Each structure stands twice: as structure tokens, then as C-alpha cells.
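First structure 1, then structure 2: two forms of the same chain, each alone, as C-alpha cells.
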Structure 1
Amino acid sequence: MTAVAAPKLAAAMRSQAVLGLGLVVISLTAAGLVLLATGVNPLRAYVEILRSAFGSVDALSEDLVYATPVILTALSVILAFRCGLWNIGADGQLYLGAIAAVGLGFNHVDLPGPLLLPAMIVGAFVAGAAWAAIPALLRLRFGASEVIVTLMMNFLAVTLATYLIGGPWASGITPATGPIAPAGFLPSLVPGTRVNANLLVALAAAAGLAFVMKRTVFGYRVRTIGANIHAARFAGMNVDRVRFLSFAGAGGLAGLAGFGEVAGIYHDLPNGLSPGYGYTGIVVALLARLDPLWAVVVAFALGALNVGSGGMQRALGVPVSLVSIIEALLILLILGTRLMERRT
């Protein structure tokens, strides 16, 4: 990096951080007005959120547990968005990754212990990528809206998981499949907590995507196509190939989130695996302004917000849906600032 480029990059990062912080403050203020209207002291509510999110080792560990799959779904969204495509299907791709991880995790083919986890990781990535390849092909060959197709495929993925849980992979009356083999368990990073090695996978994926986007020919092509598809075609780029690979790669990243939930948290496929990690990933991607490294920071912040909201509900009786209000306000503010930036 040149001496001229470094200060420019630092200034851009500072302005991005200031803008993001400003949007958060505005959304919290607006949500505080909602709390006031219902007779709740917003300052007390926010103090309870902070205490519940950061007040103990267990709380911090749960922040990380929530943030881990969100980082991966956010990276999935970022990769597709940077190529000019809307991936609303990260939740479905997560489910396909989880299904593949569980199917391999049963280890019916008697893989040696050291090979089971790598097989589950690869299987989850490939399953998520294959699920994302369907809307990619429909978009590139037939002009179908990837927004509608990926959104519909989310419901198909949940339906498939529900069928497997209640059918071929059922385990008694428990709304979950049978357990995977112990060799498929991810190791814990902090003893006594649910923080597991998939956090390292998520961090490595964020660093890897940042490197690919900024330092490789493929990343340059993705950014060029996302910025101006006509210029990319004029420059001789194989636009359809790059867009297909981007969308498939995005699905693979979301599939890794499903792998982590299976191998690191549940050790089976439960009913209701994802509380909306894919949709939260969209919020994180937008807040991070499509930067993979900032997505890690934002995912942790939203993880703390979601974990802290549980303590707020217990202490004050405030519904956890307040978090959804804050996230919705953030999306509206982000879209508003983007619109203003384009007009200036």
C-alpha cells in the first residue's frame, strides 16, 4: 500500500465508522421514543441491554454464539451484493448446509474420525452453493428475479428440513433428528460455554473474502460487474460466469453457518434451527457497507443487542421485538443515506 493510499483508507474507515455510529444513535433515539410512549424509561432499558449483553463471561460467549452464523450469512449477502445480485436466500442456504452436515455427520459410511469434520465442512459448503446455484441459473438464463426465487427457496429449505426431522431422520418424539457422531462435534473455544471453533471459520472466511475482493482478479471482476455491468462486458469479462460463481460462493458461505450450528451447537438438526440468521445477515451487510471485516464488528454488536434484549424483557417486560424495530430503522436509515449519496 502506498503512502498516499494509506491515509485515504484510514480516512474512509473513520468516516464509515462515524456514519454507522450516527445511524445507530438515531435508531436508538427513535426506538427510545417508542418506549417512552409505552411508559418505559428508555435509558433503563438500554442499561439492561448492556448489562445482559456484557455483564458476564456467559453473556459475552452468547454474543459470540449469535454473531458466528450471522457473520457467515452477512458474508454471503456481501459477496452477492458486490456482484450486483440480491441474495435474500441465505437462510435457506444455511438450512441446506445444516442438512448436508447432519447427513454426513451420521457417518453411515464409516469415515475415519479425523476425516468426518472436513467432510461435513465441504458437504455443507457444496450444499449451500448448489442451493444458491438454482436461483443463479434462473436469473442468468431466464431473467427471473433472484429476490423472489431466493425468498421462496427459503420456505422450501425449511419444509425439507421439517420433513427430514419428522420423517426419515426422526428421533422419537423429539422435534429433531438423531445425533451426529461425536467425531463430528466442533471443539469448544471457551470451556463451559457454547463458543465453538466455527467462530474461527467465520473469522477466517471474513478475512479471506476481504482478501479476495481487494487483492485478486476475481474480486476485481466482481466489484467491476457490481459497479457497472455494461463496462464489464465492454472490457471483455465473462459476466455470467463471474455472477454465477459469486452467487454459488455466497450460498456456500451461508451453508457453513448451518454446519456450525449442527457441529458446534446442537449436534443434530433441530426444528427451528435458524431464528432468521439469513435476514439478520442482510442488516449486517448493509450496516457494514458491504465490507467483510466491518461485518464481523457489526455482527457482534447485533449479537449483543439480541442477547441483551432477553435480559431487558426479563427485567422490564419490554418485548424483544424492540430489536426488530431498531434493525428496521437502521435499514431505512441506511437506504436513505445511500439514496442521498447517489444524488450528491
Structure 2
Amino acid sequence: MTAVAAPKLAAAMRSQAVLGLGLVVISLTAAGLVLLATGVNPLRAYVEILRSAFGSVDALSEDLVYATPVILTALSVILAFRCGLWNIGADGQLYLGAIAAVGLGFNHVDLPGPLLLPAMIVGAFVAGAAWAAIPALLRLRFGASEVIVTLMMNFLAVTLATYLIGGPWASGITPATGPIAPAGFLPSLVPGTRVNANLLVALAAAAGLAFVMKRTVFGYRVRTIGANIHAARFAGMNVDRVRFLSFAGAGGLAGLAGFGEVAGIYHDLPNGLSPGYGYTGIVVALLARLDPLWAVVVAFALGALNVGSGGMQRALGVPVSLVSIIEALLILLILGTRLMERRT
């Protein structure tokens, strides 16, 4: 750091701090006004949000339960975005991962017990990657917009899951597939809570992606393509190959999220498995400025906000839709102030 840069940096940090503080005040006021309008004391609501998000081991564990799939879908979006492609399809890729995991765990594939879990992980990754490979191929080979194709493939993935749930893999009465074999259950990290070993998978994936991006030749290529695709081509890189592999890998990461929901939470595939984790992943990825490690932090923060405001909803008896309004308002404010956006 040079002597000239130091004051500049300090000034930048100061303005960031002022902005951050201002943002918190504005957000709390805006959400408070919404709450007041519905006859709820905002201060009580904030206390309830904090208590429900951080007040107990159970609360913290639920923050992590929410964060686990979101970390993976956010990593998925990051990996694709780093080489200039939008992955709006993490939700569908998550479903494919879940379908593969249930398919292996439910259909009595003759696997020795200890092999089932690894097979489910690999199967979920491959299924998510294969689902993502289609839009990647259509984009790189034919120029079809990956935004549109992945959006449509989300609908197709849900249609496929719905068909399996009601048709060939039906459990009988519940709108879910039959259960997977117990050998396919992921262990809980904290007994009595739902935090499962897929959190470790997600954290390892975040660390792994950060490492690949910073320290490997592949990561260097991805970064170069993301920064300047023409320069990358000019330097003789096989740009399409790198982008294809990244996008397929992105699908695989989202597939792992589906694996975790099946093996760690439900032990089957219920109708409505994902409440939009793939879309939340997009928000987290951008708020984390495409940094895999920050994505973990942001996913946890969003989990806390979600669990906290859910608890507030139950404690104060306000409609659930109010919770999504407040959450969305906060994020829109963050976007509007561009506090956490990546600057290029």
C-alpha cells in the first residue's frame, strides 16, 4: 500500500461505513412503516426477528438448514457468471439432483449400504451437470440465450418431478415419492436439529471453488474469459470448452443442493421441494460480489433473515406474505444503494 493510497482507502472505508449505517436505518424505517401500517409494533417485530434467528441453538441450526442449499445454488450462479454466463436454472438443476438422489435411494438399486450415499452424491452432481449441459450447449453451439433456456428448463424439471411423484415413484398417499433406503440418510451435525452433513459439502464446495478460481489454471482461464472474452480467445484459449465445463459444473453444484434436501432433510422427494432456492442463489451470488466465501456469509445472513422473520410472523400473527414483502424490500434497498455490488 502506498502512502498516497492509504488515505483514499480510509476515506472509501469511511464512506462505506456511513452508507452501510444509512442503509440499515433506511431499511428498518421502511420495513417499520410497512409493519406500522398493519398495526404491528416495529420494535417488537425486530426483537422477535433477532430472537427467532439467533436466540437458540435450534434457531441457529435452522439458519444453517436454509443456508445449505442456498450456498450451493449461489456457488452455481457464481461459477457460471465468472465466465460470463447467467445460470437462472439452478432451481431446475437442484430438482434434477434430487431426482437422481431419490432414484438411486428409492429404486432399490443393489448397492451395498456404505456405497449408497457416495453414489447419490455423484449421481446428483452428474444429473445437475447434465441438465445444465443442455442450455450450455445450446448457448455455445447455437447462440440460444441461456437466460431463457434455463428458465424454461426449470419448468420442465418441476414437471418431471411432479410426474414422478404422482406416477412411477408415487409413495401411495402422500404427494411425495416413496422414501429412500436408510443407508442414504445424511447424518445430522447437531442431534435433534435438521442441520445435516450437506452443510459440510456446501462449505467444502465454497472453499474448493475459491481455491480453483484463485489458484488453478482453470480458474485463471475462467477469470480471463469473464474479464475479456476477446482477449482470452486472442490468447489462444479454448473459450467454449472452459465455458461449457464451468456451466456444467455449475449445474452439478446446484444438483448437490438437491441431494442434500433429499438425503439430509426429507428422505424422499416431496411436491414443492424447493421454495425457489435457485433464484435465492442468484441474489446471494450478486450480493456476495461473486466471491464464493462471501456467498457463505450472505447465504447465512439471508437464512437468518428468513428464519427470523418467519418466527416474527408466528409470534405476532402477521400474514406470511408480509414477510416476503419485507425481505424483498430490504434486498431491493441494498440493490438500490449498490452497497454490495461488484464493481468492475
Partner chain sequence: MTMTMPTALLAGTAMLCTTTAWAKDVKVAFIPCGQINDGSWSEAGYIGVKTAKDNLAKAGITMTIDSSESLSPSQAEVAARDYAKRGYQTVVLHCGTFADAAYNAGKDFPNTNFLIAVAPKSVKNVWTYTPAMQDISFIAGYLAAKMSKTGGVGVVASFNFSNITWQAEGFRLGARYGKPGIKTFSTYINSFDDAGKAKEAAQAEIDAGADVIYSATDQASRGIYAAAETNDALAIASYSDQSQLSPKTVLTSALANIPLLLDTMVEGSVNGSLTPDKPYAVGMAGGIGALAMNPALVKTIPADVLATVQTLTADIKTGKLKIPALSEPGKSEQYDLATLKAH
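By rigid core we mean the largest C-alpha set that fits within 1.5 Å across both forms. Numbering runs along the sequence of structure 1, starting at 1. Source: prediction; values computed, not measured.
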Two forms of the same chain appear here; which of them is the form predicted on its own? 1
With a threshold of 2 Å on the C-alpha, tell me if G317 counts as moved between structures 1 and 2 once the core is superposed. yes
P42 C-alpha shift between structures 1 and 2 of 2 Å or more, rigid core reference: yes
Quick one: CA shift at L329 between structures 1 and 2, core fit, Å? 5.0
